[in-house]
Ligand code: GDP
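Here's a solo chain for you in structure tokens, the form predicted alone.
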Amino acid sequence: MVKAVVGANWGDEGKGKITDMLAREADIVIRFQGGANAGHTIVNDYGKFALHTLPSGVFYNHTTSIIGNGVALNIPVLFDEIKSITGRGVPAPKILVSDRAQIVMPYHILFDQYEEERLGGKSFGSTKSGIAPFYSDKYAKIGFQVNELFEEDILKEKIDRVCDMKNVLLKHLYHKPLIDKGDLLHTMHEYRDMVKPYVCDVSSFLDKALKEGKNILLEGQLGTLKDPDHGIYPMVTSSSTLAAYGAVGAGIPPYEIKEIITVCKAYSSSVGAGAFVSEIFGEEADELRRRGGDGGEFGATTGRPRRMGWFDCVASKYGCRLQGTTDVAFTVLDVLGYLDEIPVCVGYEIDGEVTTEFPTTGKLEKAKPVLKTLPGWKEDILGIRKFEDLPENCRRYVEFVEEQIGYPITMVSNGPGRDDIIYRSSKLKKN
């Protein structure tokens, strides 16, 4: 059986914790898109970790962790990450890397930095991890697949051809040092030696696993609103963040995905530029940021302070619909316990009219939040394991959000740890 864990919003919803939790019952956990430009924060028996490329199931001895073909694979970052967890007492995980995954090249990172520098105040707020240049090259068909590391003639010819193209840009557009072909070939040989023990025909491996009835977990990066087609374009990421892409990015048939767990925060947060209708500012935002998450709302990869906002029912309903949600995991509910009243965005006012449908970017930029204020519960809910044991106003908050978004909230996270979870029977039917 295949389950997908994906985000409803701008990313940073808490997918890492939910994946880590569900991986207890999984045989295989797969990262199916994105690169090391975003992170998943995990708190478990080994400590607190920020993963960037490794799937969030690496902390279990029984799981196989897979880097799917849809991932932007930065090979040295992957291996530094493996060392960072094994160096803290985590047993060496079993890892497979798709032979069709493509490689983030050293020049991708440079081009990302140079372009943000060139754009200045009109930049996209990139993490400068090379992701946009990587995907540009992938779809321009000048990227490097992992399997090409082992075909020396192909590798040399391609390096020659690609460097000629890149050096024109470096010289005439960015006015930066040129790529040395010999140095790049040497780097690729180093990458080959690093990744060789892990390379696998992943789609064939997964086909066999499915026939054997294995439990497979797909882990997405970021959320619906950062999808390049359905998100807040152009302030989006460069790979599809939707569960539907999980089939493509892992190499399995789409009909095998039976459950889609979409993760929503009990409030909103975002790293990076782009429209954010329910955003709050000043001391109100600072306090929520300080209290949020485990140790505050700062990007797991960048360390950047996240932009903060109230829960956005319009964006979350849209995000869940695009994901094909069967279950909603509602995270960091415990953070809101300090508030007397909790605003919730229930609609957008655009040009004098109120809508509950998520619009395209031009209209979104003009949208003002329509807020409904709910009473707070003013209690610490950490440690509670049954939904009926939560304070009445806390239960009402969850039920109100569920009614607004129209998808069943079946998991409520009330703390950073693996076991800080409440399973709930929703009154809503699963889609």
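Note that this is a predicted model, so its numbers are computed, not measured. All residue numbers are counted from 1 along the displayed sequence.
This protein has a second form, the form predicted together with the named molecule, left out of what is shown; the following refers to that one.
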Where does the named molecule sit in the predicted complex: which of 178-186, 138-146, 326-334, 158-166, heavy atoms within 4.5 Å?
-> 326-334
According to a 4.5 angstroms non-hydrogen atom cut-off, is Gly39 in contact with the named molecule in the predicted complex?
-> yes
Using the partner position in the predicted complex, report whether Pro408 sits within 4.5 Å of the named molecule, counting heavy atoms only.
-> no
Non-hydrogen atom contact Arg306 with the named molecule in the predicted complex at 4.5 angstroms | yes
Mark Asp20 yes when one of its heavy atoms lies within 4.5 Å of a heavy atom of the named molecule in the predicted complex, and no otherwise.
-> no
Contact residue in the predicted complex, chosen from Ile384, Val43, Val398, Ala26 - any heavy atom within 4.5 Å of the named molecule = Val43
Are there residues in 382-415 with a heavy atom within 4.5 Å of the named molecule in the predicted complex, and which are they, in order?
-> Ser413, Asn414, Gly415
